[in-house]
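Taking the form predicted alone, here's one chain by itself in structure tokens.
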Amino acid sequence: MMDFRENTFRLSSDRNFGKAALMVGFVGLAGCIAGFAIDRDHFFFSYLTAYAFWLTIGLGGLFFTMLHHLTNATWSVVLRRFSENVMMVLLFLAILFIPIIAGIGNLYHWSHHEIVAGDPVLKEKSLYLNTGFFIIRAVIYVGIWLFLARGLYKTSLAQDKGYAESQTERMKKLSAPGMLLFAFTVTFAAFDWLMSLDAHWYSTAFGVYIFSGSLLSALAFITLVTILLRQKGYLADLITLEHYHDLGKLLFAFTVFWGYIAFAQYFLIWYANIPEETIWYRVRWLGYRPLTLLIVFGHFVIPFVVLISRGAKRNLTVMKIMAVWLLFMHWVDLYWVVMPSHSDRPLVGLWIDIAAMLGIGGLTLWFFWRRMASQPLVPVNDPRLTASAQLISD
């Protein structure tokens, strides 16, 4: 049971959830070790899927935080610390990228010299797609994300100790170029870590596709965490029904945006009908047809129909269910992106997939909860905090 200190907006006696998450993480890691021993190739693809799931949530949190500062938003002040804690999992996930580096040979066929030598397409791309440059780019991407996240978080915590206008300006100045750096790094990380699983295929929309899922999943995660805290009696007076209504609007908007990008990418490839482009979708339709249909209806149609009404956005039970559902569909979407490069049969080795999700997820949630418990749940000295708590949604 958690105890809430209303005068400081901090949690105390909060270790139960953290301990539970850590235990789940260790159980998942044990399963990962077993999966590595039994089927090494499948383990690395499962690990990449789970890693991409939690990484994209962290990146979505970073984007939401920078967007909050750039727009000088008032309504989201009470949610800012949640998005900041979400983005800070990137520090922990930077360490968890090491197994992907270790599994480059299992994941990416362009990493094998003998394969590249016999493939004209890969040979032309080898200046970019090679192990050394891949690792260098990964270090640059992660380094930029950590620089932005730490800079914003450190300034935000300094504001808790005493407000100064310079702190707000610093977060804005960091977010402005940060948005540009975020766009480039997320796009190329999506190209490197996910699209290059099939190095013959390419799509200029793929980075935006991954970004749209990142922000949608981060919004769903923030919605779920705040609702669960509210059910325990925390921040009910600060994060009101009006905030959940606005979160519902964003969930609906980025469900539509994700659907638009997903369809635009598919439509352009279908219309051009170039074999080296259509093969990516053909493989996923022939071998993963049930999951393909589930993504179409589960990731777009169902959330669209449910969240389009005002009443659904103001019903916390519906919002909680949709948040969980969207997070699940985000995993299905990433599984659909990654796994066909490994196997033409879906859900083979599902226990390894689950173990990877539990391992990375449990440890990431433990790290996230430590951050949540170590600092106030809201930016206590933000001058717009009261106005944010008094939000009246249109």
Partner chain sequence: MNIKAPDAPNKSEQPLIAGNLTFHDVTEKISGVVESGTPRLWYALISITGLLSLMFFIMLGHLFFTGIGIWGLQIPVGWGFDITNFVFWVGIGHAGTLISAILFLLRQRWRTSINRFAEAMTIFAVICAGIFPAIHVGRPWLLFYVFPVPNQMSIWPNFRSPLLWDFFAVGTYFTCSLLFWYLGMVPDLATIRNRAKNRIKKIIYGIFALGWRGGNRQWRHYELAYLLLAGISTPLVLSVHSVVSTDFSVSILPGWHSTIFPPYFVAGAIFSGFAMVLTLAIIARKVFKLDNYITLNHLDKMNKIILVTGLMVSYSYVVEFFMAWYSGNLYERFTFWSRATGPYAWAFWIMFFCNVVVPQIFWSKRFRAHIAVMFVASILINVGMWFERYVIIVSSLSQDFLPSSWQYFKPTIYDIGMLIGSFGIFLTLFLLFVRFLPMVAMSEVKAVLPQANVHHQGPEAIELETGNVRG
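Numbering follows the first chain given and starts at 1. Just so you know, these numbers come straight off a predicted model, no measurement behind them.
Below, we refer to the form predicted together with the partner chain, which is not included among the displayed structures.
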{"query": "Contact flag, residue 106 vs the partner chain in the predicted complex, heavy atom cut 4.5 Å", "finding": "no"}
{"query": "4.5 angstroms heavy atom contact with the partner chain in the predicted complex for residue 310", "finding": "yes"}
{"query": "Contact test in the predicted complex: residue 131 vs the partner chain, heavy atoms, 4.5 Å", "finding": "no"}
{"query": "Contact flag, residue 127 vs the partner chain in the predicted complex, heavy atom cut 4.5 Å", "finding": "yes"}
{"query": "Per-stretch contact check against the partner chain in the predicted complex, the hit in 318-326, 147-155, 82-90, 172-180 (non-hydrogen atom, 4.5 angstroms)", "finding": "172-180"}
{"query": "Sole residue of 305, 98, 121, 286 within 4.5 Å of the partner chain in the predicted complex, by heavy atom", "finding": "121"}
{"query": "Listed residue that, although the partner chain is not shown, lies within 4.5 Å of it in the predicted complex (heavy atoms), from 264, 115, 94, 224", "finding": "264"}
{"query": "All of 27, 68 and 166 with a heavy atom within 4.5 Å of the partner chain in the predicted complex", "finding": "no"}
{"query": "Partner contacts for 255-287, taking the partner chain in the predicted complex and a 4.5 Å heavy atom cut-off", "finding": "260, 261, 264, 265, 267, 268, 269, 271, 272, 274, 276, 277"}
